[in-house]
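Okay, so here's just one chain, in structure tokens, the form predicted on its own.
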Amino acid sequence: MNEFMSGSICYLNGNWEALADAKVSVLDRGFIFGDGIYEVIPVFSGIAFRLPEHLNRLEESLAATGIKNPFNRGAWVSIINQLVATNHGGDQSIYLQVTRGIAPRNHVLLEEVQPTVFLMSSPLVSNGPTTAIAAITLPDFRWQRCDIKTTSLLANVMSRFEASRLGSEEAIFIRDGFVTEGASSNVFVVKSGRIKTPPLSPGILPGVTRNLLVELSRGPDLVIEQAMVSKDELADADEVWVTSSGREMVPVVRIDDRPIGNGDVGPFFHEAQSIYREFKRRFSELEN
């Protein structure tokens, strides 16, 4: 048992307990069917980052799956804040999961059950110097509702394993000749000064970091278009980045063992990262 498991306090169905001691029934539909949704929320200096946006997505995923929302917005905020404080503040990553609950195994839920609610915290290592990664492309063989943040992530896990086997850190999905997203990230492409990210659709997750960059792009120093990106455009790009709540912004300098642009981190990434970090700095100052 590692130090994180032994020292972290989690929330499970109204109880606060050591993560190592938390137990869920084998009849939980999240365990049997992957019948649940989740969120990952970064915490900086003890404050949950973009919490309203994460809770919006949580509520949308619950509504889309028909899973009962166990709490109102205020109760969610209270539980998350207490979890952060209980685990000593600072920089954390909050994992939040809601499943449909515990019931006899049947595809159709025959009785009303209470959702299973689980939250845990793990240390979040703040990004230091920018580290570029390599990626591969794979056919997007996932289901048609990738906008729901479901715990059913087998296709994503398989794709990340394949990327790792080939010496890369991410897999970028291609569907019908166009980029959708990464196995655990959203994708941005730069060509001749034009920055593009695939538009929101049922085929991609509405990433909170992705959406923040699009929001920040409304000024003169950063212009991001939400537009389709073909596989050929990806291969011919000057720069490629991926974004997620946990990794924030990461440049991709090789795809399918070929360099992107000149193989270095590009100037548009540095400009976007600077604007993003300034937003984070202002957020921390306002919240504290």
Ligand code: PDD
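Note that the structure is predicted; figures quoted are calculated from it, not measured. So that there is no doubt, residue numbering starts at 1 and follows the sequence shown.
A second form of this protein, the form predicted in complex with the ligand, is not displayed here; the remarks below concern that form.
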Thinking of the ligand in the predicted bound form, which stretch from 109-117, 190-198, 214-222, 176-184 has heavy atoms inside 4.5 Å of it?
176-184
Is there a heavy atom of residue 29 lying 4.5 Å or less from a heavy atom of the ligand in the predicted bound form?
no
Look up in the predicted bound form whether residue 156 has a non-hydrogen atom within 4.5 angstroms of the ligand, and give yes or no.
yes
Does residue 246 reach the ligand in the predicted bound form if we count a contact as any heavy atom within 4.5 Å?
yes
Hey, in the predicted bound form, is residue 149 touching the ligand, heavy atoms inside 4.5 Å?
yes
Quick one: of 96, 208, 83, 135, which gets a non-hydrogen atom within 4.5 angstroms of the ligand in the predicted bound form?
208
Pick out the residues of 26-44 whose heavy atoms come within 4.5 Å of the ligand in the predicted bound form.
38, 40
